[in-house]
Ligand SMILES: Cc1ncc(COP(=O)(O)O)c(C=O)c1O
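As a starting point, one isolated chain is supplied in structure tokens, in the form predicted on its own.
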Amino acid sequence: MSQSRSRPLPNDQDASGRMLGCEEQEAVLAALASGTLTSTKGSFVKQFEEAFAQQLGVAHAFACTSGTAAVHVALAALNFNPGGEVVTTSITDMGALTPMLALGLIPVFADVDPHTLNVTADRIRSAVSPRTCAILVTHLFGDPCEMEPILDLAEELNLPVIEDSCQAFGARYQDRLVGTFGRVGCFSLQQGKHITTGEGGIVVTDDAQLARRLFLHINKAWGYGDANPDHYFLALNYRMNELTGAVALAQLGKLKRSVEQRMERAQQLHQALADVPGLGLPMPLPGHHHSYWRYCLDVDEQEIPGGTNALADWLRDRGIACAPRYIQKPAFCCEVFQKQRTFGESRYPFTLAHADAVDYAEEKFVGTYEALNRVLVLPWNECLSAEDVEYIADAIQAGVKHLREES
């Protein structure tokens, strides 16, 4: 029998879990009243880009249509030849991978640390080959990767680093915001992110030459503002519109509060669950400041009978919409990789890959499978109250006790 409360927990898929209000409404009305909804002529997207760059402490920021678009633009701006390999993580959203294939690049997966679920320098090194052209790291769930050794490796191998910071607004490593370490940082404004426009993205860099190419790749390579503009190379239209830019600008003003709320509630849950046997908590490593896009439990099946699935069933029955495994399988197990379904029946760009690059043998990804078997992702957003977190904590404690007593 369900034990859920009469009032559901805040949900970031609707207004209950999102800080959307009069500021966004007024901004959208102002954009509509202007009659200018394209960012090539309007002001809201430009204001958002300038404010985001200032807040992040970077020289250049360009808005686009999604986090996927941000990754696509970043890779395209670096202008790699087809067949180049991009070393990345095995636990990530497909939006960080399909742009590689669309550009004729080969995603090469590195294993992850089974406790943080992030890639590390050592694991990246094991996936590098003479064909490697870039490293793309994902700061999963808002927990920063260990960037110092990754950057040292990248410098040693003369490889650019791209940061997928889509889940990590406000996260810091060694007191520096993520997204500012690599050649390019990519962010998402999708529905469930720290701030949202439903869909949207932004890319950042300190490199002026690269900034020019990022801008062009968002604008069909048309040289807006040039003396004699032309379409200089192959590129798509990834421009953000003014309505989205208006919401983004209003949301940006709430980012600091959103991150602080998530971190404060995470600390509350840390304290409540600190002594629960069989649970590992997402405690940041020294020098890391986790911004908690999600709160993830590490469930030890030896201590908690039934593991993540049993505990998830208990929590769902009490109105806590958690997700065991985060993604049901490593990214390389999806059909696009297993069956190489890309352009017609060509299998391109997999036809350019060497055997090791597309070897997805399970023994190469021990950390990945261990991590997915143990992780339980809890719903998390800036609108959770202390009472909400207390309810979640009580349900977890009761669930663990029940499962241990029933075994």
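This one's a predicted model, so the numbers in the text were calculated from it and none came from an experiment. Residue positions are given as counts along the sequence shown, with the first one as 1.
Keep in mind that the form predicted together with the ligand is missing from the display, and what follows is about it.
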Using heavy atoms and a 4.5 Å limit, would one call Gly179 a contact residue for the ligand in the model of the complex? no
Look up in the model of the complex whether Asp93 has a non-hydrogen atom within 4.5 angstroms of the ligand, and give yes or no. yes
Does the ligand come within 4.5 Å of any heavy atom of Ser66 in the model of the complex? yes
Does the ligand get within 4.5 angstroms of any non-hydrogen atom of Pro144 in the model of the complex? no
Please identify the residue among Gln261, Gln190, Thr120, Thr132 with any heavy atom within 4.5 Å of the ligand in the model of the complex. Gln190
Contacting member of Thr308, Thr138, Gln251, Thr244, with respect to the ligand in the model of the complex [4.5 Å, heavy atom]: Thr138
If we take heavy atoms and a 4.5 Å cut-off, which stretch out of 165-173, 209-217, 316-324, 329-337 is in contact with the ligand in the model of the complex? 165-173
